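There is one chain below, alone, in structure tokens, taken in the form predicted alone.
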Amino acid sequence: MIFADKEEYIKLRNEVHKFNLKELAPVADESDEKEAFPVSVLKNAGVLGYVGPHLPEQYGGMGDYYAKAVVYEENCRVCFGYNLSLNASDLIFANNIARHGTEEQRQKYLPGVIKGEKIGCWALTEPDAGSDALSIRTTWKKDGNHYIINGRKTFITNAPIADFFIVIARKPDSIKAEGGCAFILERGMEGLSTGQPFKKLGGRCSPTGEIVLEDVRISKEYLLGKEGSGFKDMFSSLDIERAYTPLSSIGIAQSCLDEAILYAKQRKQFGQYISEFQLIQEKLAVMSAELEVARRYVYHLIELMVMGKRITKEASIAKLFASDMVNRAAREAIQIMGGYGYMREYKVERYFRDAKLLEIGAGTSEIQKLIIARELLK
């Protein structure tokens, strides 16, 4: 049985939806316009358990990866940028702490994130290393019982506002997947600085920026996982991220469909509602069909992940299909609404801008195709 059909998750979905309509929807457009993250919404969501529900109960979570999926989709129905930052904090940062950290690290970093009081980020991408993750140049070296880190990260979600950072670095002269380490860094550490938020097409209330590391000296307690296992842990984390990322597409596409239906039933042309035109009906039907296929596949994928199955190929299939689907849905929603859809006062304009990132972030569509082909040819 697909988990989302169970009563407890239907109830959770309704609760999160009501919260988002009350707290997030009224500030979504303004947050996008001002490119400012709605911190107060995050804190209120943390109070209700809507931040990090997948994280272990002893640190404040619910230990429920299915709940995370429901919250994720519902957030993206209202404001993709808000969820983008929340997800970087509670899934990509905090989940790595939960999976690979020591007990001391879990106690130190997880509760604040789950409460919505602290924000984390995860830093891999560099100016010369994006899709080719193993070509990063940020380095670490040992100095007694300490590590010294040097390098630069870019396109990092939450970098300008994060309290905590996971930074991936490699040992000098190491090659391929050798010599990788993950380190937990904190704002205020000597040698760590962040740039101003980048100006972006979409997801604008989610700050994205650079991290500069100049002789950042830390003790071994800030090493995440085992020395040399950074790249291995990274790839397992990317599979989890890609399992959830399609929910962004599903949430945005659902709102595109909702807005298009509402408009089509109210707009009259040639003496009748445009919802009565077969070409409009065809657009709505295809949007709905593709959305439901994506949703069901992704829910099944998350069930496989929870069961501990290897999902590398399936996660790439889901991300590839869903990101294509949402970009078509956003285009069709604007087309149905015509000139009004092109105006910024209507939400589909924001959805259209937000959707594009889903063909780029967490691995481009081209990379997803390469992963799928590689898995097929093994």
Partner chain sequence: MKILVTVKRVSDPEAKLKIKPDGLWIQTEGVKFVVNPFDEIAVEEALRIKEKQTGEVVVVSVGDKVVTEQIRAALAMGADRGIFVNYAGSYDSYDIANILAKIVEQEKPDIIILGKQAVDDDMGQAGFMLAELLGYPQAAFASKVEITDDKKKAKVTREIDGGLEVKEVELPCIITADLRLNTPRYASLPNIMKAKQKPVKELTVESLGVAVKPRVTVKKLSEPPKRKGGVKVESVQDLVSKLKTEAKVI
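From a predicted model like this one, the values you see are computed outputs, not experimental measurements. Numbering follows the first chain given and starts at 1.
There is another form of the same protein, the form predicted in complex with its partner chain; it is not shown, and what comes next is about it.
- Taking non-hydrogen atoms only, residue 7 approaches its partner chain to within 4.5 angstroms in the predicted bound form.
- In the predicted bound form, at least one heavy atom of residue 15 sits within 4.5 Å of a heavy atom of its partner chain.
- In the predicted bound form, residue 53 approaches its partner chain with a heavy atom inside 4.5 Å.
- Its partner chain in the predicted bound form is not approached by residue 369, whose heavy atoms all lie more than 4.5 angstroms from it.
- Not one of 289, 349 and 355 is positioned with any heavy atom within 4.5 Å of its partner chain in the predicted bound form.
- Just one of 27, 62, 334, 317 comes within 4.5 Å of its partner chain in the predicted bound form, counting any heavy atom, and that one is 62.
- None of 62-70, 306-314, 27-35, 338-346 except one has non-hydrogen atoms within 4.5 angstroms of its partner chain in the predicted bound form; the exception is 62-70.
- Annotation for 15-51: interface residues with its partner chain in the predicted bound form are 15, 18, 19, 22, 23, 48, 49, 50 [heavy atom within 4.5 Å].
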